[in-house]
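Before any questions on how it binds or moves, here is one chain, the form predicted alone, in structure tokens.
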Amino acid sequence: MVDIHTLRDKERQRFTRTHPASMAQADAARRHYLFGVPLHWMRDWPSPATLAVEHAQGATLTCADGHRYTDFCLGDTGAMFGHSPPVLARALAEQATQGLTCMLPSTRSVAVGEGLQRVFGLPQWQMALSASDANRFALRWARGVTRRPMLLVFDGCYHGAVDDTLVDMDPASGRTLPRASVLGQVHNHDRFTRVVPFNDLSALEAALAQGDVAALLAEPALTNFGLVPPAEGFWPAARELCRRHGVLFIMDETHTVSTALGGYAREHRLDPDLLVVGKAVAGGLPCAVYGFTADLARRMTQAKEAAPDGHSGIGTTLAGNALTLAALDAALTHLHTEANYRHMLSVAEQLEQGLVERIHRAGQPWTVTRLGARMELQFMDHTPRDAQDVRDHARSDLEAFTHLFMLNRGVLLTPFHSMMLVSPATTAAHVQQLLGVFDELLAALA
């Protein structure tokens, strides 16, 4: 294989030459923003400067330099239903003239509740502004109703900016470790968070058997270490273990809502006690929801009524605001539909088949793992089983080169790893564009 660093240097030069407006904005923005961007994650793209977006519609972005990109990142799932769906834009424009937030329920509240139950299956709901908040609140409720202190998560999990989950596992001892990259950490979370390997039922049962775990918080598949799917039969067995040990089972579907209408848990009948969905749930407007069973709602009500008056530590002022409810109502009615998912899954299957055929033809030891409309190009010769498997086979240099190479040719992948997401606006022509650039990539690496 040719030298990746040499190839990447050439691609960086190409970006600099062809993106003068983005380069200029990045330079000017440093006077106003930390690292030159409103959120420092935005600098994680492998380009010399962060792409400045002028317009986003459907599955296409246009940057400040006038270049158009077919977007398979889709805001890292936030724009899973496409950028600015017209039905969502109309709902937001209409509500914007009628009030944005009142800290009172909108007249849409009942319709939104019915929509949430119809799409996701659970009867009772609460709202937040992000999945991070929704997960925090779910954990408070879980500890409040069970009166147990411990949280159980899987090594390599991603649940947003929830301190309790920003931990790693020592592969030698299995002990919970603070994550070295987390800034400002002052608490030792191994006192209240336990970590086990994904897909390891023996380790899961041993962690639950200690009797002090309030909840298992999990994604249906690991999504922040590439894409690590569950082993056959893993989730039914894990759910039964939670029931046996009195542990609440919380599914975070913020990334895996792309699996099918209603998400992975509903498609596979996993029957969680709590379900968290953020990012795409309201079409990309800041919003998250968490739903729960009628029995858990009863226990939550009892816990709240038994507590003294005052702030519960759950909720924020803008949660459930009128603008969000308008967006959520439109999204549940017009975006979370069988027709949209049929299209997304069909196009995603075309993309998966095209990638696999080309990888095999080129003789590359790579893997494509797909979960519904979401898939991952993994630079390893097998589907990973857990986070440590991904760490052991990581090719960050090849990932960065792949991103930049494709970006320079009009195709965007998710910057943190090689994830591709298909929206209702993604077409067979978009897939062929990506596959054509992928052919160029393989030729460059030959």
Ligand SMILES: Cc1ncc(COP(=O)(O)O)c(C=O)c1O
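Numbering starts at 1 and runs along the sequence shown. In this text the structure is predicted, and so the values were computed from the model without any measurement.
This protein has a second form, the form predicted together with the ligand, left out of what is shown; the following refers to that one.
- Of the heavy atoms in residue 219, some are within 4.5 Å of the ligand in the predicted bound form.
- Although the partner is absent here, residue 159 sits close enough that one of its heavy atoms falls within 4.5 Å of the ligand in the predicted bound form.
- Though the partner is left out of this view, residue 353 does not reach within 4.5 Å of the ligand in the predicted bound form, counting heavy atoms only.
- At the 4.5 Å threshold, heavy atoms of residue 130 reach the ligand in the predicted bound form.
- Only one of 190, 349, 76, 271 lies close to the ligand in the predicted bound form, with a heavy atom inside 4.5 Å, and it is 76.
- Shown alone, this chain has one stretch from 84-92, 130-138, 181-189, 320-328 that lies within 4.5 Å of the ligand in the predicted bound form by heavy atoms: 130-138.
- Within 4.5 angstroms of the ligand in the predicted bound form, the stretch 244-275 places a non-hydrogen atom from each of 252, 254, 255, taken in sequence order.
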